[in-house]
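Quick heads-up: it's one chain on its own, the form predicted on its own, in structure tokens.
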């Protein structure tokens, strides 16, 4: 029964997101389209992190690296006059997957604080590489010369069309991750998180499964990066800073780790509260911090778990 309630929460949330553009148009408030599109893009990144954090128990503090690689893939190709959207986004996904493979092959051999520090170190290396390349703006970043082009299929310059494209990608991401974690592959990932020794004893190698999950998560986040740079129309190396990884992790924890709706709910609440509170005070984190503590204390499975009746979605 609670599982059905969780599904209802997810479907209701997606339906409300689908209604944002017409409602914003009626209210003559296009700002909400921009805000919710940003929420959904970062929700895609949060869903990808939840695959390895919530289901796999891998506390990666380097997930922002793939946002940055996806963004740089699009912006650098546009810088050299390559504006094909399919090509740019395939490169963003592929490059992010390759970097995730390199980082994962090293970090997954460790655990605990060592895993956290290795993922953090790799991300900071990429961040400092980004600020050191003057050709692409260095620390200041650079504007996106032209949005990704998809011919007559879709115009990213149309805010509503871009919004619904992001919504469609979010839905597709949720479906893919949900099917993955409920497949044989996902059961091994979850079993390794629960008891690695027992997983090995029954004949499964957690390393290989974790590495595949790590690469998939990096690829999905790379796609989010490609969307993000088109959303902001600006490339900044700050997108790879460790604080962005922290923000994505907050979204997952706040919404509920290991749940379908959790990362989306976390991204929505975090970014909407940030927008509201930052307009009131520059010290909005002082208010948000205790709120996060209260969620952890009284809704141990996050907002999504609470809405779904205390069960993972």
Partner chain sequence: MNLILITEQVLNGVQFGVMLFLMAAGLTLVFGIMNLVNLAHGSLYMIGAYFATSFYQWSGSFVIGALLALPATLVVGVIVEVVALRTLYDRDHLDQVLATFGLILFFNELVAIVWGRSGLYTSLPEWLSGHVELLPDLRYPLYRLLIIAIGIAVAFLLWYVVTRTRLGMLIRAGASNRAMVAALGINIRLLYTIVFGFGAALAGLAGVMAGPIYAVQPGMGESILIQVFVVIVIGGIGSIRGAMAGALIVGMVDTLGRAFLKPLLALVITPSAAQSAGPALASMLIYLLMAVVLALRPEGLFPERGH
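Residue numbers count along the first chain shown, from 1. In this text, rigid core is short for the largest set of C-alphas that superpose within 1.5 Å between two forms. Because the structure is a prediction, the values reported are computed rather than measured.
Same protein, other form: the form predicted in complex with its partner chain, not shown, and the subject of what follows.
Site residues 118, 135 and 243 are all in contact with its partner chain in the predicted complex, judged by any heavy atom within 4.5 Å. None of 124, 236, 232, 149 but one reaches within 4.5 angstroms of its partner chain in the predicted complex through a heavy atom, and that residue is 124. Screening 9, 292, 303, 20 for any heavy atom within 4.5 Å of its partner chain in the predicted complex leaves a single hit, 292. Contact annotation: its partner chain lies within 4.5 Å of heavy atoms from the stretch 101 to 109 in the predicted complex, the single such stretch among 137 to 145, 78 to 86, 152 to 160, 101 to 109. In the predicted complex, its partner chain stays beyond 4.5 Å of every heavy atom belonging to residue 171.
Proximity of residue 249 to its partner chain in the predicted complex: non-hydrogen atoms within 4.5 Å are present.
Proximity of residue 129 to its partner chain in the predicted complex falls within the 4.5 Å heavy atom cutoff.
Taking the partner from the other structure, its partner chain in the predicted complex has a heavy atom within 4.5 Å of a heavy atom of residue 253.
Contact residues in stretch 46 to 76 (any heavy atom within 4.5 Å of its partner chain, taken in the predicted complex) are 53, 59, 61. Taking 2 Å as the criterion, residue 276 does not count as shifted between the shown form and the other one: its C-alpha moves by less than this amount when the rigid core is aligned. Core-superposed comparison between the shown form and the other one: the CA of residue 288 exceeds or equals a 2 Å shift.
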